[in-house]
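There is one chain below, alone, in structure tokens, taken in the form predicted alone.
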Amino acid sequence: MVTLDGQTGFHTGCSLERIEAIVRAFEETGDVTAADPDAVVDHGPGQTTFPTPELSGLRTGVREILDGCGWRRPTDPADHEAVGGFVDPDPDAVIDLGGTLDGRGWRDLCHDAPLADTWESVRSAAGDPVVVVNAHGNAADTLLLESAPFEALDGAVALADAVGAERVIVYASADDERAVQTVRDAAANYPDSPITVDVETGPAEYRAAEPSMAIESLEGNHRLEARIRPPDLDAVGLHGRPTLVHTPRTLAHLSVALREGEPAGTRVMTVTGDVADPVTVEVPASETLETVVDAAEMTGAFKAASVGGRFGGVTDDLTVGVKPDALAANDLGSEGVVRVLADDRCLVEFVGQRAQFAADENCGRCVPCREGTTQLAGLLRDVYDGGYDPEAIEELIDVMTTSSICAFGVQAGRPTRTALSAFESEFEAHADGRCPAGSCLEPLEA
């Protein structure tokens, strides 16, 4: 972006050489429109919110939670203060807002559930509470820490004050180096707060993002295992203290609601998979998956989407709404990730890879997940040898879903279950020795 005097030119897909040419053209002419930008937006010279152009990946939806991303300086508190940030709300007002907000993402202690009751229980609990910002492993959460960290920090500090916590811990994957450094710098610049904000990293493993395993990581345990609950983390969490675990998306929604007076009513979602570039968009909760998918440019014809992250449900129906209840009614996940699959993708191979990942990466604490994921991967390999047994697969997934002690095992069978429902003919074809997509002719590797 090149900005001057209330006008911004947008250039897409820039190589280093292209950036150098854009800078030279601007220096020589002082003209934002030099070097042929892909879009130009006129706006006020003191614009504090992102001036949205008509470009793929940016024109879709709205920008309330993501409004600062790519526009406001991420570590400069003055930019956040200019949009009304760093409010000092009454604690009761914070708790009241929790009654109208749900936790975003499976990494959140209150996933798809209202926040107020949990916040109230922590506020009234004995002991010194702590607030953990669980930013591990979700693209939208990482984006917020990289581009608008004060949105998450502002919500976390307000929440900590409301429940009587003196410490906020931001927890992220050690692989997200840029996000970690940016939020660490932002925390150091946070103005006049009595709340201590620390930034800690955990291993890059997928399971390390599960709330109780995140706490295990923060306690320094090298073997991460899900905790048996009850008691839940809001009663016995980090070092035995009442602990709230929320994603940056959840806390950014709180931050925006505190300054706007009401929740944004939007969902932040990331489109990945067979697309030219991953895209993170924010859409009204009244929208459908079609709106989300349309934000990205696919690299082939649409076949299906895996909705809900690593263990999302598979569907070919994009008319489903993005609200959690609509997604749940269609056996899809609400993690906020939509992986689109083009028509040359083999669904049997895709869910087989998901099952093998679950078998390799589970923590091993409970039998239904540890043994179930291994058996599921085996049953899917058997399909290539003509051993297609849908009843056995469905029975096994049912046991995993109803008996596992954490979300990892509960969700691990969902890709297979939903693919069986929507694309059973592909499983039958593989049992007959054919791959309809023409992309996998050999059995999955053990």
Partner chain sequence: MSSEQQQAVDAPPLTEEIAPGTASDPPVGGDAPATVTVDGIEVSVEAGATLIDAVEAIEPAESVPALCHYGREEIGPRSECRTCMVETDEHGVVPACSFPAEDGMTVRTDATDAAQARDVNLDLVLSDHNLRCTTCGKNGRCELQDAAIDAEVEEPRYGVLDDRDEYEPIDDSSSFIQIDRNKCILCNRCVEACNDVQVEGVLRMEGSGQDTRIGFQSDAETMEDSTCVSCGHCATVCPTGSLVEKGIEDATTIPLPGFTQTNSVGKTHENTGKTKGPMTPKKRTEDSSDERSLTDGGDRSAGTKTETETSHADGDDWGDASERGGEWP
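Numbering follows the first chain given and starts at 1. This one's a predicted model, so the numbers in the text were calculated from it and none came from an experiment.
Keep in mind that the form predicted together with the partner chain is not shown, yet the notes after this line are about it.
The partner is absent here, but in the model of the complex a heavy atom of Pro368, alone among Pro91, Pro77, Pro368, Gly321, sits within 4.5 Å of the partner chain. The contact with the partner chain in the model of the complex, taken as any heavy atom within 4.5 Å, belongs to Val337 out of Ala257, Val337, Ala295, Val180.
The putative spot formed by Val83, Asp185 and Pro191 is not touched by the partner chain in the model of the complex; no residue has a non-hydrogen atom within 4.5 angstroms of it. The stretch in contact with the partner chain in the model of the complex, judged by heavy atoms within 4.5 Å, is 392-400, chosen from 38-46, 392-400, 59-67, 22-30. Residue contact with the partner chain in the model of the complex: Arg227 places a heavy atom within 4.5 Å of it. Using a 4.5 angstroms threshold between heavy atoms, His239 counts as touching the partner chain in the model of the complex.
Although the partner is absent here, Ala204 lies within 4.5 Å of the partner chain in the model of the complex, judged by heavy atoms.
Residue contact with the partner chain in the model of the complex: Thr288 places no heavy atom within 4.5 Å of it. Shown without its partner, the chain has Glu361, Asn362, Cys363, Gly364, Arg365, Cys366, Val367, Pro368, Arg370, Glu371, Gly372, Thr374, Gln375 in segment 361-376 as residues with a non-hydrogen atom within 4.5 angstroms of the partner chain in the model of the complex.
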